[in-house]
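In the block that follows, a single chain appears as structure tokens, in the form predicted alone.
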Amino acid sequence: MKLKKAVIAVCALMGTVAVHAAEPIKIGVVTPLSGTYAPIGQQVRWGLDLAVKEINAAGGVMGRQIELLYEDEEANPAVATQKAEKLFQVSKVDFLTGTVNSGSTLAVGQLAERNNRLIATTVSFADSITGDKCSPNVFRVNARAGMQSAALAEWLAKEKPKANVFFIGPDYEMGRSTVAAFKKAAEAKGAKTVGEVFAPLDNKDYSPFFGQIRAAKPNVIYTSVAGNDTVRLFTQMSEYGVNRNVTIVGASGTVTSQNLSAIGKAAEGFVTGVGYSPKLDTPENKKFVAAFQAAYKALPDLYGADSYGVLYFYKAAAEKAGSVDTDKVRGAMRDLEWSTPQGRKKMRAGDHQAMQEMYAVTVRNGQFDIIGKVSAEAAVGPDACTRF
């Protein structure tokens, strides 16, 4: 009888373990699903959903399926922290991603530390995220502002030497960081700053700035507005003739596949520095683009590609750690190399910034053509994180 009870107890325990092992790995996604950055959030969602479908079909992570739980951050740091707190405390997510607004990423990063969870951004550009405001619990798989600027500044120095540059940025963390990063990189290569303005997020009318731009007589305008703001800015610059005989350059999130058709001819000739183009001629990228188009009838942009890649980053780290425990996964993520549509990336241990090749691309006939390239080592810049 005792033996029979022991066998029953062991079987029950094994059944409990099996059930626990089969529980999904919960990943929270706090991303803008409404508002001016909703097109970016759409690419984030598409990239994540495609990766989860592939990973789960191939057996998941250590035999466990991934479950994504979405919340709308509205590109608002206050909203993002509320939604992240809900995902950490109520939904008990193992990992979080999706934040777009750089202020949201910084705020949610602090929350992740308090909850002993990890987050990774696939979108936010502000250098401070992996610089002076770095966090041991925050990783970035996408290129930061300084990396984008390295590729763009190198192109500008060759094509428009000693350019007179006017800057237009959105008035928050990302906007000021991207302007500062490109200004530093461009001036180091001989460009001159002739003026700058910062407009509110979701600005409807840019014409009050046009007199200042004309008076400065730039031959290059740099902007880091994004989403629907880009559509309004480019359309209004075209209507008022501000872009006549001027080269428009900008951050990699300014003109994307999501807003390109709405901008139309006003985007022609735009140049940016990016970590991804759907035209990258590699087997991995061709496979990714084909799968993405088949699923969504649209081309991926850098946000879709990096959001797709972040789940493979998490998968590689969890499998290396043999666990989803925060401390073990954090250690596994540092110096981790993994495959993405862009090629192999490496997560730099010192600041949690992914290293990758960077490209200069331009809009020609409604498509993004690659016109320059910078190595990962040349683009990434020094490790400025001192917190860990």
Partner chain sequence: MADAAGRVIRRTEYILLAATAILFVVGLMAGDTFFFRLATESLIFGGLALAVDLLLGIVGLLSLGQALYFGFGAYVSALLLKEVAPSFWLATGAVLAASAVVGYLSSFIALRSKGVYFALITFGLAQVAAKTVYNTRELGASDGIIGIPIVVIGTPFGGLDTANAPVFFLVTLGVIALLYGLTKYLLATPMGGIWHAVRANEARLPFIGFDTLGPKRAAFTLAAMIAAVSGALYPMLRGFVSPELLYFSTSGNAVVTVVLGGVGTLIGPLFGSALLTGLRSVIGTWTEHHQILIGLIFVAVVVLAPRGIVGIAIERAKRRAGEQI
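Rigid core: the largest C-alpha set superposing within 1.5 Å between the two forms. Only a predicted model underlies this, so the values are computations on that prediction, with no experimental measurement involved. Numbering follows the first chain given and starts at 1.
What comes next is about the form predicted together with its partner chain, which does not appear here.
For the options S207, Q89, N219, T235, the one in contact with its partner chain in the model of the complex, meaning a heavy atom within 4.5 Å, is Q89. The single contact residue among V242, V194, A107, A266, judged by any heavy atom lying within 4.5 Å of its partner chain in the model of the complex, is A107. Its partner chain is not shown here, but in the model of the complex it comes within 4.5 Å of a heavy atom of R114.
When contacts are judged by a 4.5 Å heavy atom cut-off, E74 counts as touching its partner chain in the model of the complex. Remark: K83 counts among the residues lining its partner chain in the model of the complex, judged by a heavy atom distance of 4.5 Å or less.
Within this chain, S307 is remote from the site of its partner chain in the model of the complex, having no heavy atom within 4.5 Å.
Proximity to its partner chain in the model of the complex, taken as heavy atoms within 4.5 Å, picks out 27 to 35 from the listed stretches 27 to 35, 315 to 323, 357 to 365, 342 to 350.
Along 111 to 129, a non-hydrogen atom within 4.5 Å of its partner chain in the model of the complex is carried by R114, A126, S128, in order along the sequence. In a rigid-core overlay of the protein, D202 has its C-alpha displaced by at least 2 Å between the shown form and the other one.
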